[in-house]
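Before any questions on how it binds or moves, here is one chain, the form predicted alone, in structure tokens.
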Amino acid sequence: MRLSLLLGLTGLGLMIAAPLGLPPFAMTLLTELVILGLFAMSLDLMVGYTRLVSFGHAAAYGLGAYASGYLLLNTQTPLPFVVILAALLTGVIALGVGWVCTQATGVSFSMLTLAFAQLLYAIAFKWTSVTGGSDGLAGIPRRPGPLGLTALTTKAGFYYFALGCLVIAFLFCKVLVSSPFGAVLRGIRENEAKTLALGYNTRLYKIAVVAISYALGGLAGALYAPFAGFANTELLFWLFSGQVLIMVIVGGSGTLIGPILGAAFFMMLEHQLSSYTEAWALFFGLVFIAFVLFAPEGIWGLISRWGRRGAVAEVKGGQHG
């Protein structure tokens, strides 16, 4: 825990200081990384803590992006309120999604989440008057915050806003998974039949975690729309759902911080590989296979293992001394 706290505080300090020394292009990448990290962490609540594997989590991201973009284009609502409203809307819709999908388990659950995401994709493609169809919503502005807070319209100000959302969401998730609610989620993950026999209505818990996960995913999408200035149907596509699932697995599922690292790893590796070859996805696939075979605990698991080895070596060195 000391290692996690030390690394977390160090990373947060570097993230806070980043705008002071990084060029604009690097800040753009870092802001996108923060948003993707939030998105990946939201999926970890389902995959890592409840073992509800979703193949359609892009639905949450795309829905949040479209809701945010529509409000920013058609109302004068300040940016922070738009982001919160888009996240809440996504969570409310996810209650219905969870109610339908949790009627099945295992692969059937995953297929239902994929079907829902593809349904939203088709709606976004056809509902041109609201979503812009295949062209999407363009020219989405970054509106000032309440009380004339214009800092959110700047690159650094928006970055700090996104970083604040990530930190608050992380702390919320940390409290959630450490609570009795989180204990029930882990019980569902390990043995749902036993948890059900203990008197817990496991389906209600699963619906709740789907809604919370989608709301946080919607929060990430709501940040992406004003960041990129557009929202299109690709944000709802099944391929994006697969990518965020890879981020969670590579980073280390069931850790919260691992998926954030996985998102950073995925984005940096994609950026580097795509600059050398158009077949970057092939090489990333090989990297993903290597993680599954040789490091199933993910990046954070490797860091924790090295930290434990270092601690053991230090203790042994002290005993011999």
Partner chain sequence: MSNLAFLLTQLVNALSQAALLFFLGVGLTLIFGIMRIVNFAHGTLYMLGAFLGYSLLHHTGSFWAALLVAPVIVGLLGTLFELTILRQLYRRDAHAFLMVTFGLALITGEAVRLIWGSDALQVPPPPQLAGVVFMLDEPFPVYRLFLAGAGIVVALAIWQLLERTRLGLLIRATSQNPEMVHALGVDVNLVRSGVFGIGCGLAALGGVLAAPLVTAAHGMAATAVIDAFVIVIIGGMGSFLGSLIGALLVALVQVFGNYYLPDFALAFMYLLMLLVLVVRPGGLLGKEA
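As the structure is a computational prediction, the values presented were derived from the model and not from experiment. Numbering follows the first chain given and starts at 1.
Just so you know, the form predicted together with the partner chain exists too; it's not on screen, but the next bit is about it.
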Within 4.5 Å of the partner chain in the model of the complex, do Val53, Leu112 and Ile249 each have at least one heavy atom? yes
Among 73 to 81, 159 to 167, 210 to 218, 98 to 106, the stretch whose residues bring a heavy atom within 4.5 Å of the partner chain in the model of the complex is 98 to 106
Is there any non-hydrogen atom of Phe116 lying within 4.5 Å of the partner chain in the model of the complex? yes
Would you classify Ile188 as touching the partner chain in the model of the complex, given a 4.5 Å non-hydrogen atom cut-off? no
Can you work out whether Leu198 and the partner chain are in contact in the model of the complex, taking contact to mean some heavy atom pair no more than 4.5 Å apart? no
Residue-level contact is defined here as any heavy atom of the residue lying within 4.5 Å of the partner chain in the model of the complex; does Lys126 satisfy this criterion? yes
Sole residue of Leu245, Ile93, Cys173, Leu137 within 4.5 Å of the partner chain in the model of the complex, by heavy atom: Leu245
Exactly one of Leu239, Val130, Ala193, Ala151 comes within 4.5 Å of the partner chain in the model of the complex through a heavy atom, and that residue is Leu239
Which of the residues spanning 276 to 290 lie within 4.5 Å of the partner chain in the model of the complex, based on heavy atoms? Glu278, Ala279, Ala281, Leu282, Phe284, Gly285, Leu286, Phe288, Ile289
